[in-house]
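In the form predicted alone, a lone chain appears below as structure tokens.
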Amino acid sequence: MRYIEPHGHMVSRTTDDYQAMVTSGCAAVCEPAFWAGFDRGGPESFRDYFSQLTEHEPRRAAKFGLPHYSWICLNPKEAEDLGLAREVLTIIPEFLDRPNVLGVGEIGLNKNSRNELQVLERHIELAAEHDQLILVHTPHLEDKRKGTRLILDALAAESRIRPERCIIDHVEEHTIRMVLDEGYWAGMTLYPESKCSAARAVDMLEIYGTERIWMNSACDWGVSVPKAVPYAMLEMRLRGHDPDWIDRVAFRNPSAFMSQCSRFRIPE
């Protein structure tokens, strides 16, 4: 079974994880910028991190024959310090033309605060100015519906942004409809303890169909499973879905979205 991991924080994983993903059928991995597990101390820390995403991590993935793509941004968990955010936002354009960069992400909201929203709006402007794809993080648990609404309104307020070039990630049962109804792509993040299980993800696919939807593992610093996508593919197969249906969600959908960036090459 082939698949693309469209949202995997590989800097937090070991080389064994790369090997396990490739041998499970992973054809490409795409890594959004995110929180490091602690707040970084200054703008140069972000410059080093962006270099890691665009130079060093692609070389590590290449050792296993795996194409590596990345997204660049200031994660919403570090958006409360507006002074730091402004400095980091001036660095981001330096990296948007790197060979493996697909766009701006994962931007979004964490606690739905005013400062987070201000930084989100600036990221959206930056993506519009540089004609970039956008990957969005939606908040957790009880704040998710409110945060998703705030995010969709912020995107709609920027006339240069086209919904089909934005993926709204971490959707759940109470947010997926609003995302799809407004023309955006929806990402389902498969976690063992939070966000979405494989069974819930397949339930949503059976209800809402497979158009403009992808699955990802995130596989970050917390409790997560790098092979969550192939596990969900097994769930689909056990429910009797045909191989074309499974391939559309796991491979062709993320490929179609990311191919809107000319740097993305469809794996053979």
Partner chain sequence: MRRQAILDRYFLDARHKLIDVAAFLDRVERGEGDADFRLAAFHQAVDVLRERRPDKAEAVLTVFSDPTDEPIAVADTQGACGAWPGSGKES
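Residue numbers count along the first chain shown, from 1. Not measured: the values here are computed from a predicted model.
Below: the form predicted together with the partner chain, not depicted.
- None of E80, E129, E94, E87 but one reaches within 4.5 angstroms of the partner chain in the model of the complex through a heavy atom, and that residue is E80.
- Put simply, of E173, E164, E125, E182 only one has a heavy atom within 4.5 Å of the partner chain in the model of the complex, and it is E173.
- The partner chain is not drawn, but in the model of the complex it has a heavy atom within 4.5 Å of R114.
- Contact check for A199: a non-hydrogen atom falls within 4.5 Å of the partner chain in the model of the complex.
- Although the partner is absent here, R47 sits far enough away that none of its heavy atoms falls within 4.5 Å of the partner chain in the model of the complex.
- Proximity of V101 to the partner chain in the model of the complex falls outside the 4.5 Å heavy atom cutoff.
- Residues E158, R160 and F257 are none of them found to lie within 4.5 Å of the partner chain in the model of the complex, as judged by heavy atom distances.
- Only one listed stretch (231 to 239, 57 to 65, 26 to 34, 215 to 223) carries heavy atoms within 4.5 Å of the partner chain in the model of the complex, and that stretch is 231 to 239.
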